[in-house]
Ligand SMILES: Cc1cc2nc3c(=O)[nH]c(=O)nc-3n(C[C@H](O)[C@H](O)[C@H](O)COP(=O)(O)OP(=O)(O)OC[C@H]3O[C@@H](n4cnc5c(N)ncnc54)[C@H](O)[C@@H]3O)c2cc1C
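First comes one chain, alone, set out as structure tokens in the form predicted alone.
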Amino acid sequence: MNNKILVVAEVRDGALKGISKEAMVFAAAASNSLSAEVVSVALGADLSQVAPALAACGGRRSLQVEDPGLDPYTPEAYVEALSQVISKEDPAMVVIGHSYQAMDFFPRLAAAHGGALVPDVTAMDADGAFTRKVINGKLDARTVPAEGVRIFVSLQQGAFPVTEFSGEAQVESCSVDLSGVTPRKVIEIAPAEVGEVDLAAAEKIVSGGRGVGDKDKFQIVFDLAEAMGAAVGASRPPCDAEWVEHQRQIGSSGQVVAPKLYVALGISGAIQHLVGMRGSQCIVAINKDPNAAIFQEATYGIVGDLHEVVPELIAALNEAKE
């Protein structure tokens, strides 16, 4: 195998997904410790907008695999196309963001190459050991793949925040032969239902927990979010109590987010919730319990009644706008 790290980019509606940029951040750091060459690859029918964006994320080369058989996405076509790329490049490590699409085909790709699959990674040591969260984030598992085996790594969203990229990869076209592939038939790709919330793309999130009080009082979370221009999230209890939609749930059984700013209102900090938001760049917690676990994760903490503190914040924000 060559000393290369192959980063598989995820493309949605002709655009590069943010989690792929996080994968490039990981690859850049790993390449420094492993002295490896970083090569990225994007797949689709039209990569005219994706290729330049991916190349700008760094690495030495950026491969674009354009083929009508890759749109719409099917796991069979992706596994075959990437298998051919892997055979040509012969990388020691293949990296991808841990998304729903990745987990649909990535384990099959690893198995096809007899590789070691290490999913949902949050860190990599200098000696090549990977850290993963297990048991709903309560424990860290350290995984050391066997030597001489190609490693397939998926990265937990938010674990490797995007930073400024330097340099630009050389864009190269890469052809594949999908004539032998019989993909499943895609009948329809249905858009998300009205009200569906994609918190993973939000740069600012205001999230409420059980400590907000009840369904009527939860309006204060929406009020602060509106003043900040932020999205609204929640821990599990408000969702189970039907104060807000379950689509807004953040945590191990909800969405994993990594915004630039995360404001936690009345959230105690159960590990199941922390798993979903600890990748945030800046965390502000407001809770009347000074011993709440959320303060151990917070960048800034305010001990007080959120129903007294938040109205003052909203007033200050509105005054600043004026």
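The structure displayed is predicted, hence computed values, not measured ones. Start at 1 and count along the sequence shown; that's the residue number.
Not on display, but discussed next: the form predicted in complex with the ligand.
**Q** If we take heavy atoms and a 4.5 Å cut-off, which stretch out of 24-32, 289-297, 60-68, 45-53 is in contact with the ligand in the predicted complex?
**A** Partner-contacting stretch among the options: 289-297.
**Q** Does Gly209 reach the ligand in the predicted complex if we count a contact as any heavy atom within 4.5 Å?
**A** Gly209: contacts the ligand in the predicted complex.
**Q** Taking 4.5 angstroms as the cut-off for heavy atoms, does Arg236 touch the ligand in the predicted complex?
**A** The answer is yes: Arg236 has a heavy atom within 4.5 Å of the ligand.
**Q** Contact with the ligand in the predicted complex for Pro259, defined as at least one heavy atom pair within 4.5 Å: yes or no?
**A** Looking in the predicted complex, residue contacts with the ligand do not include Pro259, since no heavy atom lies within 4.5 Å.
**Q** Given that the ligand is not shown alongside this chain, does Gly301 nevertheless sit within 4.5 Å of it in the predicted complex, heavy atom to heavy atom?
**A** Heavy-atom contact with the ligand at 4.5 Å: absent for Gly301.
**Q** Spell it out for me: taking the ligand in the predicted complex, does every residue among Pro119, Ser154 and Glu164 have a heavy atom no farther than 4.5 Å from it?
**A** Checking in the predicted complex: none of Pro119, Ser154 and Glu164 is within 4.5 Å of the ligand.
**Q** Though the ligand is not shown, can you say which of Val221, Ile250, Ile205, Val94 has a heavy atom within 4.5 Å of it in the predicted complex?
**A** After the contact test, the surviving option is Ile250.
**Q** Taking the ligand in the predicted complex, which residues of 268-284 have any heavy atom within 4.5 Å of it?
**A** Ser268, Gly269, Ala270, Gln272, His273 sit within 4.5 Å of the partner.
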